[in-house]
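Below: one protein chain in two forms, given as structure tokens, structure 1 then structure 2.
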Structure 1
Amino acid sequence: MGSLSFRERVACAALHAAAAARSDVLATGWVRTKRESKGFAFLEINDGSCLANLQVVIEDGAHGYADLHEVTTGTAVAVRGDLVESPGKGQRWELKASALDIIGRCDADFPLQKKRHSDEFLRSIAHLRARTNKYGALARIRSRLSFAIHDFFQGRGFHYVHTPIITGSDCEGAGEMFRVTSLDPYAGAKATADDDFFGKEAHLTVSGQLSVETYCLALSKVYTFGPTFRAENSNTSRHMAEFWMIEPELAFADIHDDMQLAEELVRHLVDFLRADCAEDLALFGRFVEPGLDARLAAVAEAEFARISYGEAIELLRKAGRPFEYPPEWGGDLQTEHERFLTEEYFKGPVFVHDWPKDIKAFYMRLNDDERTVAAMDLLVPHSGELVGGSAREERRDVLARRIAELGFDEADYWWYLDTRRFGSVPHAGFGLGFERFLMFATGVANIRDVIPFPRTPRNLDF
């Protein structure tokens, strides 16, 4: 067959979308199934470009037919032939092969020969699970949604800023950060932070927000989209040590502008997903969450309600039902509270704004009552909190006071405070967890299943 030219090859997705028969097509992929009859055989191959397999029909006498005994599930093949209309059900086209070459043989113990495997088992072979329908679809959705995020912000004049992964400050103040060091932790020497690479403690960032704010106060509209890290020893279905965050910042803006931007982003991503990834999304509607598309459509078409935290607490108190965690002013909203507000009371997304300052981060703008901050959470049906954001405290004296109240070292935030000395302006932003959005959009219940290689406690195999 000769060398494989990228320009000659045609992706399975393109062949399925073909408008007419084509001659002398070269298709490559991995065998999903093989069925043999006397004098001919059917192969289903998939190259990962789409969910659907391409059916290949090869007859005795074609080049490579004699090698079919070596072709098993998982084998990589190249097939040349003519694209013709298929008389069978389930596909419009099939490839009538004139030649088949084995590119990569597959060992007999290939673990994906069964049609269905548990998610737990597939997590143990994360290096292979993208070869399944579910995880291949998730990978394509993740890729396309990444594009949609950049498309949204770039189309609205936002500038993409690459913020540092190594940091000397704790954005969230929770202290659950991974330390970055050049010192040998097993050497036993009594080294201090002064002896380390940066001369002080360094960590993997939990958020790019503080850094991207500095560019917001120069470029007005910015965003960062990258990996973040949290050393939280949690094995729940909603936590990982490494995850991706979308974090825009908007200058000359308040909490209401912030909520509007978050609403527009969520609508854009939902609309994009339903239009651009319909085939892959349908897989999750069939096998993961029946009625998924209807739920997403309802979110895209709904009015996003807006209520204060105090109003939310009153609604919960008057709900006429016992909650496992009684709603009290000053406490965080629990999952049962979020579900009541989104799925029963408002029957759609709701922004809860103006939260008690004691349960929110130091950088959020203090309201005039000095009990609350201009913070907002977007709650959605099925998933609960999807977005968290705030107006940022642009007043240096108030920001310094909050840092001191929480016992932080002001020296760690000198540069952040410095931006409040030189032309500070009201600004606002939010964080949207990319994996959290993928769970919301696909109905997948475990965050480990929406990222290619999950990083969780005691799990660093891949």
Structure 2
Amino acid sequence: MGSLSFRERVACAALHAAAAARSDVLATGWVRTKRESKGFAFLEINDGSCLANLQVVIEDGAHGYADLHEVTTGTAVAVRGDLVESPGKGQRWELKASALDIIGRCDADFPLQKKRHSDEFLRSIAHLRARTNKYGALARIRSRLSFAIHDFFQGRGFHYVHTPIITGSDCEGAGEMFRVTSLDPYAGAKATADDDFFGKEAHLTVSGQLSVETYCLALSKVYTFGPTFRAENSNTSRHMAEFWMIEPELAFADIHDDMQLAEELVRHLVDFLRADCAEDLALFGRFVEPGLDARLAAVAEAEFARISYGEAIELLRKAGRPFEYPPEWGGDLQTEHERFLTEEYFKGPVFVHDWPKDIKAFYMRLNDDERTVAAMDLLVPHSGELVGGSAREERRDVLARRIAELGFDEADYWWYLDTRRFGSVPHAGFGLGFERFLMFATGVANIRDVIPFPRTPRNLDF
């Protein structure tokens, strides 16, 4: 076999898509299955470039045929040969091997021998699960959707702003932050924030919003897309300590513009997914949620419903069923309420806007009734709250009042308040949880399964 130069290598995906037979190509990948007959053998190999395996046929006499006993599921191989039309069913092309080399042997206790494994088991081997069909597909979908997000915003004149990961302020004001320090927390010494790296308390960001707002008030249309961190100790199927968020911010805009943008983004991502990732997506329709494509098609076509929080509470009260948490004005919507609204009543995504100010963050714009803020959540079947956003309080005096009311220290937000003194304008934005979107789009029920390495309470193995 020749060297493994990049120039000669052909990905499985490209071989599947080949328009004509090709001679002397080099394919590399991991063996999924091996079937031996007298005088020849079939290998299914996969290099992660696409869902489908590449069928390799190797006959007695070919270089490497004698080593086949060492080629087991999980073995990494390089196969040189001719791409020919396959006489068998199930694939258009197959690779007729002239040479097979073992690149990496696979120990006999390789855990992915069976065809199907439970998600729980695969979570315990997160370093290997991308080698299964489902997790390989999820990884490709994640990658393609990341691209689609940038494509959506860049195509509409939004600028990508890199907001900081280490922050000195609590955006959501919920105090659910991870501390960042260069001091040894276990040493027991009595140190103060003044002794620490930044000379003040530092945390991992819960949201890039406050930072991105400052760029919004300069570039008008901006977004950030990065990891965010929350130390909320909730062990649910929708929360993680580390997740990715897409946060656009729009100047000279109100909450209706905000909802419109969120709706267009969600629709763009759904359309992109159905067109660009059809092969991978079909796997989820077959094995995870039958009818998935019909559900996504409906999202792509119908307008999203919009109701006020007050209307939502009324609908829930009239639902004619007992909820574990009786819906009451002033309370947050519980999972059971979200499910009723999205899965039963509207049967699709619904925006709930104008929320009681007491259950929302300090930066949301106060409505004239002084009881509600111009906030909106987008609720969707399957993953509940997908988007949280609002018009921002652009009036400096009202903002300062809200900060004081909530007992925060104005000094911590001096720069944020400052932006309201120099050409402040109405502006709005939202955060879309990337993993929540992936759950919604694939039907995967547990958020731990749509991110490569989930971070949840008491779980940091990988």
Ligand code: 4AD
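Sequence positions of structure 1, starting at 1, serve as the residue numbers. Just so it is clear, the model here is predicted, and its values are computed rather than measured. Note that the rigid core is defined as the largest set of C-alphas that superpose within 1.5 Å between two forms.
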The form predicted together with this ligand: 1 or 2? 2
So with the core overlaid, does the Cα of H150 end up 2 Å or more away between structure 1 and structure 2? no
S383 C-alpha shift between structure 1 and structure 2 of 2 Å or more, rigid core reference: yes
R321 C-alpha relocation of at least 2 Å between structure 1 and structure 2, rigid core basis: yes
